[in-house]
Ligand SMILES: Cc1cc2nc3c(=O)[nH]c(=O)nc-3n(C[C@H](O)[C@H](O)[C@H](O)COP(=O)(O)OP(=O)(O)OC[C@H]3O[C@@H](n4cnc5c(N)ncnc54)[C@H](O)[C@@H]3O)c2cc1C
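In the form predicted alone, a lone chain appears below as structure tokens.
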């Protein structure tokens, strides 16, 4: 054996230069460690790093009145503003946003669109078994209206209607997919159940043992561009929007509601709160929702050669079947958006310092490489955390407050990109006391149950998320804890 070959065998030199070795080197990606792959990563949302971002609207710096005040310029608030003006063109609508449009939860989402307004069909069956047919109809109508609105206002949000796919990452999970397939087929969905080989032909990962592919009425969207497009539509309809105008105080004045901001105020007979988990001074709201933190990575744009290693020609949005699930999709420029690793911070801290630390994303990056080992040479361009408004039933709810002059809409539990349009519709119907089919159903009549206050909330969340980590492989007390939480009615 040559000296160079002996050194190579000892692991302290490069392999001898042979045609076969050269071919192998050109074929195999150069592996990056997690730290190196994240070393140049921007700790901010990929979606907001975009020249399409419009300038901010002025702050509210004076006292004003309105027919309808909407608190929150995220998806719920913007959809409510657009629909309110379409339904009642003469209505004077004011929207106040604490920061900038799309810089809250709406600009941090994964951007997978689902037909469900209920965090998926299985969850709908669990929570509202008697109303499934109507809820499915609402979901279909909602997506039709979603698509029509984008066309009507010429909103370019990089939308692709390629379906969504749930992939089994363990052979034991295939039975779960079969049950979901049967359920979706029963309610008329165009779904396809794939075995391991067929799944890997759609998207190649050594982890995938099967998949359920919902072929239509779902897809992917650029969430920030969607929010910016809805902002432009609302302004074109005459909505008055004030950014950097956080709510400081809300007062029930009997016939009207008075809302104070740092430099101005709004008085209105009706208020719609699309404020997610932000504290707005109504204690009952924060008993029914809590903020959990999702974490997301964006890769650098894949080259054609890198994309060919995994396939993904149909570009579906993907969820996997882990207890601590991951989801992923492609962008228009072929970045992979890879999310998961949910956590909770005491009292729903909206800006936890952990989100600004690279090591927070190490485990998520490792999960990416475990899922796609053939992309070991891919770096991450952006990493960020974002809030999810979690509630006990895992679906949107609308609840009246302040002598029925205000309605709070939230609780999407991660499915708000499309369901927020339906949530806004339901909230407006309740606020203006309009007869509408959903008001006859439990989704409008019932509210989610209370979530325990701090510190019980923090302790329970910590134990639950610790149970998520390793529950699939370890079972034991972790699996028993999760079953207990599900038995109490909380979506897992």
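Residue numbers count along the first chain shown, from 1. Keep in mind that what you see is a predicted model, and the values were worked out from it rather than measured.
The same protein also has a form predicted in complex with the ligand, omitted here; what follows describes it.
When you look in the model of the complex, the only residue of 278, 194, 203, 191 with a non-hydrogen atom within 4.5 Å of the ligand is 278.
386 is the sole member of 163, 210, 386, 120 with a non-hydrogen atom within 4.5 Å of the ligand in the model of the complex. Only one segment in the set 140-148, 104-112, 82-90, 228-236 has any non-hydrogen atom within 4.5 angstroms of the ligand in the model of the complex, and it is 104-112.
Contact between residue 294 and the ligand in the model of the complex is found at the 4.5 Å heavy atom cutoff. At least one heavy atom of residue 75 is located within 4.5 Å of the ligand in the model of the complex. In the model of the complex, the ligand sits within 4.5 Å of a heavy atom of residue 247.
Heavy atoms of residue 412 reach within 4.5 Å of the ligand in the model of the complex, making it an interface residue.
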